[in-house]
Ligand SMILES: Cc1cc2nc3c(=O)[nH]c(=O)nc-3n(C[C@H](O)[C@H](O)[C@H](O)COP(=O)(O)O)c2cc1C
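Below you will find one chain, with nothing else, as structure tokens; this is the form predicted alone, and questions on how it binds or moves follow later.
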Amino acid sequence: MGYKETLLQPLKIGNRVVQNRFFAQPMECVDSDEEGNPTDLTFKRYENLFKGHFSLIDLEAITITNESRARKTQLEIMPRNEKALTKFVKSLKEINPEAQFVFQLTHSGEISEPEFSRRVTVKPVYGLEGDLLTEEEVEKIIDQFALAAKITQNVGADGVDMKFCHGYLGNQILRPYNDRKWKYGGEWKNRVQFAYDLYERIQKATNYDKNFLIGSKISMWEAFPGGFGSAGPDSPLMDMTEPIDLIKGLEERGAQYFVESLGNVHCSMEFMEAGKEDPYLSYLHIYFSKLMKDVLKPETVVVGSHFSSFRGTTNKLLSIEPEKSSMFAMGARCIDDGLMDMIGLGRQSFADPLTPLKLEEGREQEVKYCNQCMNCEELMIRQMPVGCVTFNKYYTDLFVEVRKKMGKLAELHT
């Protein structure tokens, strides 16, 4: 089977069907209004993904609280946002009714920006200070997640992605470093209970509706001592015992899909999104996707990550023929070999949101490939609206203006 046939196959997720194997990763873009509602700029980004025939689209980390958040103009999901989100979803569904749309629910925890919000932590990490969360505050946060899931359902979205990746709150509670003596700390059975309680509450809030998708994006390895996937609270050794137990436990509690990931936004971003000089880190994601597939039921969908590095046939991967290392060829190979069920595109979805459509129409040569310049990342770090600086003139002009005013990002750390 050729890569086109593989990548354009439909797939069942829970009781729903996606029309191809392209997943749009949740990419934070810092362009809400002051109350956390989508703006015209937000709509334009998602309009392009729906027009581009991504079959499963994950709404960027939408925060369940205004109190603690990572981005100044981050999308928010509270009762005050329900009307705007309903309009947003309805308009997008009219563009492509077959696309499935899930919301990634998040609380930033220790990644919250203290300049405009409250940074909180379950146990202080070196280099990150924050207010220690109480058990009562965590119970309130679980209530907020459950309410956000209900709002997600009310506004017409197809499901939720409960975020357990990249060092945000869900990830912080799960990691071995959280050895504090409290309800959700110390032994693994205590730490994982947070995730189980959260899933149970979300299921209850959405009336155990099997048509409403529930899943999680998970950093299987945070890549720092004591991080999730480590052998102990301060161990640098990788150990997959807890990550594997987590996904099996969440599957038992109703998870229909998982999005594989690695890394932590504070200390190991290269594992999340490698730069142009280290595209080979993408191979690690293939391994961890296979690890997930091996322990889950065949019907549980695994989305592989980090495919932007493969680009077309002009990537920087050595010791492999270019035609075998392209994004389409490698993605299809991974699906055909049973290593994953879908391929996740993040930065590539910025560079060319029409990627799946161009494949469908035989226009592969017209695909604009992410060059891994990381300028989109710089815009996010600067709390500016995010998009492709290379191929989208709006963001090119914005980036040039930001650089004129602020200088290079590296100068901020000198």
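No experiment lies behind these values; they were computed from the predicted model shown. Start at 1 with the first residue shown and count on from there.
One more form of this protein exists, namely the form predicted together with the ligand; it is left out here, but the text below deals with it.
**Student:** Within a 4.5 Å heavy atom cut-off, is G263 in contact with the ligand in the model of the complex?
**Tutor:** No.
**Student:** Mark A223 yes when one of its heavy atoms lies within 4.5 Å of a heavy atom of the ligand in the model of the complex, and no otherwise.
**Tutor:** Because no heavy atom of A223 falls inside 4.5 Å of the ligand in the model of the complex, the answer is no.
**Student:** Heavy atom to heavy atom, is F307 within 4.5 Å of the ligand in the model of the complex?
**Tutor:** So F307 counts as contacting the ligand.
**Student:** Indicate whether the ligand has at least one heavy atom within 4.5 Å of a heavy atom of D158 in the model of the complex.
**Tutor:** Result no; D158 lies far from the ligand in the model of the complex.
**Student:** Which one, V125, I202, M272, L213, lies within 4.5 Å of the ligand in the model of the complex by heavy atoms?
**Tutor:** Only one listed residue qualifies here, and that residue is M272.
**Student:** Given that the ligand is left out here, which of Q104, N315, T206, N178 has a heavy atom within 4.5 Å of it in the model of the complex?
**Tutor:** The residue from Q104, N315, T206, N178 that makes the contact is Q104.
**Student:** Exactly one stretch in 35 to 43, 357 to 365, 379 to 387, 49 to 57 has heavy atoms within 4.5 Å of the ligand in the model of the complex; which is it?
**Tutor:** Result of the contact check: 379 to 387.
**Student:** Which residues within 327 to 355 place at least one heavy atom within 4.5 Å of the ligand in the model of the complex?
**Tutor:** Counting only heavy atoms within 4.5 Å of the ligand in the model of the complex, the contacting residues of 327 to 355 are G344, L345, G346, R347, F350.
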